[in-house]
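Structure 1 and structure 2 below are the same protein chain in two forms, each given by itself as structure tokens.
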Structure 1
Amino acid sequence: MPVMKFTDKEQAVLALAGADLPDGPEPFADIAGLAGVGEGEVLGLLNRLRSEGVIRRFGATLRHQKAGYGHNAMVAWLVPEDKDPEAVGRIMAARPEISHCYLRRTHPDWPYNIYTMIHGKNPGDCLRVAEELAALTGVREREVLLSVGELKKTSMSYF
């Protein structure tokens, strides 16, 4: 898939929209002023990219620990050959405690193929959900990867 191309002014708008929204009653007019375009162009571009899914979400990002979801665990699952990983992935993705569910390439030293990010309000919630997912899908073999420190967390700057 080729990399999407934007004009210099569009790139300026998207760099600002991908950062933190200006604080004021008319933030898109503020972005327009900084990028040297009209407010209508800013709103037109952002609405179009959101409807196309290029902007998968435009909104507030919370600090989860402050919003009450302080615990998370990444669990890597080894789906055995007699099971369909796509069916397993769909079952796991349906659970509300799961924020991310992906099928990934394996490695000779790392045969796990399905990854789930589990969130909980209390310690123990994540392990309980993992146990329930194992019972639900029959996939038992897994590695629980509890986060013990954040080394970097930022948003990607594409523009």
Structure 2
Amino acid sequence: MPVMKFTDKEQAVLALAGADLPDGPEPFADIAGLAGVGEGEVLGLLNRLRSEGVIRRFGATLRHQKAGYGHNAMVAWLVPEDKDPEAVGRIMAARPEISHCYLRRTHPDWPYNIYTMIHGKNPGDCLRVAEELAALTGVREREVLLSVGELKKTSMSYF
């Protein structure tokens, strides 16, 4: 894929759109005002990048710890060869306690191929969800990595 070139104004729009959206009834109009462009230019740029597959979606990010979900676990799952990892991943991703679900390449020393990030309100919630997923999918082999603290949580900044 070739490197995309953006004008200074497009970079300003994308920098503002990639940060916290303005807290008001017309956030894209607010971004336009801050970037010195019209609201139609902001929406046009974002829609164009979405239709080209550069961005997938625009959505809110829940700060799970502030919302009361202070217990987290990354679970690495070893989906056996007789199961479809994408089908297993879809089952896992459907759980509301899971914010991220990834299919990854394996390594001889680390054979796990599905990764889920599970969030819970109470100690033991993540382990309970992992056990329920194991029973639901038949995927038993896993490594549970409980979070002990958050060191960084920021969105990417491109401009």
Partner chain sequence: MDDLDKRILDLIQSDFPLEARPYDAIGARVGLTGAEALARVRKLRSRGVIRRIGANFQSRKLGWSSTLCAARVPEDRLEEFAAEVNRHPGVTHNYLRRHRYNVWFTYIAPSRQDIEAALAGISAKTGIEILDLPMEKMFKIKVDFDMNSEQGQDPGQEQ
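In this text, the rigid core denotes the largest set of C-alpha atoms whose superposition between the two forms falls within 1.5 Å. Computed from a predicted model, the values in this text were never measured in an experiment. Here, residue number means position along structure 1's sequence, counting from 1.
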Just checking, which of these two is the form predicted together with the partner chain? 1
Against the rigid core, is the Cα displacement of A19 between structure 1 and structure 2 at least 2 Å? yes
With both forms fitted on the core, give yes or no for whether the Cα of G40 moves by 2 angstroms or more between structure 1 and structure 2. yes
Just checking, between structure 1 and structure 2 and with the core aligned, does S51 shift 2 Å or more at the CA? yes
How many angstrom apart are the two C-alpha positions of A29 between structure 1 and structure 2, if you fit on the rigid core? 7.1
